[in-house]
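Taking the form predicted on its own, here's one chain by itself in structure tokens.
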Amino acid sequence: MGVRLSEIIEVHAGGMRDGAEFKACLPGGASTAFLPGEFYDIEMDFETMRKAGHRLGTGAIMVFDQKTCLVAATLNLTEFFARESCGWCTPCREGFPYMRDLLWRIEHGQGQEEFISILSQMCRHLWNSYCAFAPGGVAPIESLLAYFEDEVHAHIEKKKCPFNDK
């Protein structure tokens, strides 16, 4: 506790691969928000993360470099939450498949600008679920829209994933 994220990545995890630059990470597994580069030196403890508006979650750090499409990463996470929902409450049962569909359409060139506000509104609705599964599951979506909305817009404008331009 209290070790800086940068130290965890650079020292204890062996650093980024050659040519890779830190873009973001999920500091505590699939149910935490993306931490963008501005948090690279944050101390990894409960209080510091809370003050920054984030949380540690499980502590399973997933790191993404500058070549990673965070729309695709978020879609992958949302597919997990849609599949693993127990289906008991409506926000989770209906919300995750709907958001997965919107993210899939954005990632595959069928996105529309209004999808962004719909995703944001759906995230707020999922906070009304019975358990903590749905609020955790929307954390990556909320942070995608908060920190990487430009990537979402680029998908919509180009009508394809801009990270597939090779």
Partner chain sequence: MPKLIIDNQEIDVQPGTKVIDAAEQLGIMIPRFCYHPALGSVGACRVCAVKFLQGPFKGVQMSCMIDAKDGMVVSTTDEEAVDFRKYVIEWLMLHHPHDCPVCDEGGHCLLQDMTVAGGHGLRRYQGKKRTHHDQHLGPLVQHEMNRCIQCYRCSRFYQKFSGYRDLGVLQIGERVYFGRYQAGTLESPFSGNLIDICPTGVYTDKPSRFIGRRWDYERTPSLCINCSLGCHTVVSTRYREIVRQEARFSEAVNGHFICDRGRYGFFYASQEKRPRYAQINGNEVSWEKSIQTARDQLNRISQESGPGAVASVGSVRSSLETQAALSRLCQKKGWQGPVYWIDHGQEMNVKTAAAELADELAVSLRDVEQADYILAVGADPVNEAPMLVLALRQAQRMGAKVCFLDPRPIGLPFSFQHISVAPQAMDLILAHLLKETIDQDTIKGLEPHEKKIFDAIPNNSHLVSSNQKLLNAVANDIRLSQRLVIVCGTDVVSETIPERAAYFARLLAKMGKQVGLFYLLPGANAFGAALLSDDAPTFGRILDEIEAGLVRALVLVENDPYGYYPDRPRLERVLQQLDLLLVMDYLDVRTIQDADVFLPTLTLYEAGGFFVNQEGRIQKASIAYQGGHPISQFSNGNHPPRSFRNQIPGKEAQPAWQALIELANENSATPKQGVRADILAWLVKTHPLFSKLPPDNAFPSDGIRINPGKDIHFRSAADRLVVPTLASESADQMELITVDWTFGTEELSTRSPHLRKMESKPCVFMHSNDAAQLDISEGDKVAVRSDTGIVSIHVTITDNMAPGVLIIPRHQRLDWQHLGASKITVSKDQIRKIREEEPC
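Numbering follows the first chain given and starts at 1. None of these values were measured; they are calculated from a predicted model.
The following text describes the form predicted in complex with the partner chain, which does not appear among the structures shown.
Stretch 98 to 106 is the answer when you ask which of 98 to 106, 44 to 52, 61 to 69, 25 to 33 has residues with heavy atoms within 4.5 Å of the partner chain in the model of the complex. Using a 4.5 angstroms limit between non-hydrogen atoms, A134 is distant from the partner chain in the model of the complex. In the model of the complex, at least one heavy atom of L126 sits within 4.5 Å of the partner chain.
Of the heavy atoms in M122, some are within 4.5 Å of the partner chain in the model of the complex. The partner chain in the model of the complex comes within 4.5 Å of no heavy atom belonging to T74. Annotation for 76 to 110: interface residues with the partner chain in the model of the complex are R83, S85, C86, G87, W88, C89, T90, P91, R93, E94, G95, P97, Y98, R100, D101, R105 [heavy atom within 4.5 Å].
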